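Just one chain follows, in the form predicted alone, and it is written as structure tokens.
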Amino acid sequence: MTMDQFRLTPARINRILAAAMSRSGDFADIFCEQSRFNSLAMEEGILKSAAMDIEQGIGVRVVKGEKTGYAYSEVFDEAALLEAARSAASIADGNARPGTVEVKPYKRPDYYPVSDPAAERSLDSKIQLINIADAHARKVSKKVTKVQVTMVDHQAVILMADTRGRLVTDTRPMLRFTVTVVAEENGERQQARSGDGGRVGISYLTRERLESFAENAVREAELLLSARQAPAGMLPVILGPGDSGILLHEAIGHPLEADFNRKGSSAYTGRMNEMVADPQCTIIDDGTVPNERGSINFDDELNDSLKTVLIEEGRLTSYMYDEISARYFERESSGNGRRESYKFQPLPRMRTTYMLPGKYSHDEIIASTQRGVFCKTFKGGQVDISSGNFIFVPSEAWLVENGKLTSPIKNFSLIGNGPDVLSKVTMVADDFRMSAGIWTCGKGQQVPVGVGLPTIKISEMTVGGQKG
């Protein structure tokens, strides 16, 4: 990968940045991207859709205090790029002045080396993989009446430079594979899905892995066919390892993004160094986990991708900072400035957010619960950032009675408050696991993220099930 594909040289980059700083901004940066998206979907054994999208453009940003000027161009002609730079510069209120910038390559580590990106593989080879999962899902159970298999891959080539003199390049691969099944029995239908992905190559999709996706989706759909209605009320809730981390992401992660705290709209505003969780809870946002979906070699503001401790043994120690928020709080950026593409400005966003393991075993936590619910996987949820209130919908869950998992349950939600839930964590297990690489976070922009969690027990939470 070279600067040639963007028709940029260091001298041209220097001229663009100098134009961006012509009105005395605090700093400026450029973000160049060439992206290729591929998606395939098979349904009922028929390839229903195959799509490819290629995008290319450059964004120029100028920051002056808390004001930001941003412009982008999909034309790499120097005149167009200089015009974009001057448009972004108009946010600054200084007089026009000449400026000079000299950028130099800035080396970064590589947390996702991939030698066989899916974006470069043939359509036929991808269809073969989809066929394996589709056929196996139908083979596993006669109750399966519908199978849908999707495969999405993305590869972005990035070039960034800024007025600190840094120039970096990166290739960001991404792969996601999902099997969704519908199982039917006695007139009842239930749907479930399973999959995985991350910043991995196509060799990650082994036959064994593809068949396990199919088996897991079928198993969960069949389980829901036999599930009973969930109870309702205030009950102990046990969150299983891995997938349950999505609750951590939504209910605790978003309120710890620095822009919400800078604006005073987060439940954690002004609480730095306070105890905000049970001492068993240490929560981290990490951009350096090898091949994880949320990992980045550097953020979209040319800052190092760090492992940031947000809550340490219950005490709030850091927000997730982008460059603007870091300057406001007089902190260093935590490497959380992320954007969906060259069309967007960076915002403080999560990368891979997880809780460290504790001292208990999974079985000890189950055995300690007389009556409650155990949630293994989730469909998703939502949170009110200002209050921390959330609602989540589990997909696979079990009733816990007398220290044992007794019956699968369905049709319920978990309702609570993020800070309140963290204070009610009573047990943290030693079985930490990352979730499957399937999650995408929306905050006006879509970015890939990772989550992880050990089994944890919450003393009580509102279970929105069926009374009686």
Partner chain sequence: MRADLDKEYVKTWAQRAVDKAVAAGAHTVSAKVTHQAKFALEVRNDEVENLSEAQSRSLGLTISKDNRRATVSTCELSDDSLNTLVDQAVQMCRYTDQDPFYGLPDKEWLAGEQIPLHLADETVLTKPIDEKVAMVRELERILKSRAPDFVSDGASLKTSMLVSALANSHGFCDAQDGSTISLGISAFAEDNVSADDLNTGRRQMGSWFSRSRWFDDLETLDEIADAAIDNVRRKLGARKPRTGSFPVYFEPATARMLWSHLLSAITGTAVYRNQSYLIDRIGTEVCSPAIHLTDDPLLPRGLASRFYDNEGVACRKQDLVRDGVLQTYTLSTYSARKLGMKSTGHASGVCNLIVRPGELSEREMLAKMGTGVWVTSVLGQGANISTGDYSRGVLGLWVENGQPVYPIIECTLNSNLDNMFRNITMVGNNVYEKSSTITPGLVIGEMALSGN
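Numbering follows the first chain given and starts at 1. Since the structure is predicted, the reported quantities are computational estimates derived from the model, not experimental observations.
What comes next is about the form predicted together with its partner chain, which is not displayed.
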* **Heavy atom distance at most 4.5 Å to its partner chain in the predicted bound form, all of T145, T180 and Q382** => yes
* Tell me, out of D430, D26, D53, E401, which residue has a non-hydrogen atom within 4.5 angstroms of its partner chain in the predicted bound form. => D53
* Asked: Which pick from D116, E78, E74, E185 sits with a heavy atom within 4.5 Å of its partner chain in the predicted bound form?
  -> E74
* May I ask you to check whether I127 falls inside a 4.5 Å heavy atom distance of its partner chain in the predicted bound form? => yes
* Asked: So, in the predicted bound form, is G264 in contact with its partner chain at a 4.5 angstroms heavy atom limit?
  -> yes
* Is N389 close enough to touch its partner chain in the predicted bound form, meaning at least one heavy atom pair within 4.5 Å? -> yes
* Contact of P408 with its partner chain in the predicted bound form (heavy atom, 4.5 Å) -> no
* Where does its partner chain sit in the predicted bound form: which of 165 to 173, 277 to 285, 80 to 88, 368 to 376, heavy atoms within 4.5 Å? -> 80 to 88
* Which residues in 185 to 208 have a heavy atom within 4.5 Å of its partner chain in the predicted bound form? -> R189, Q190, Q191
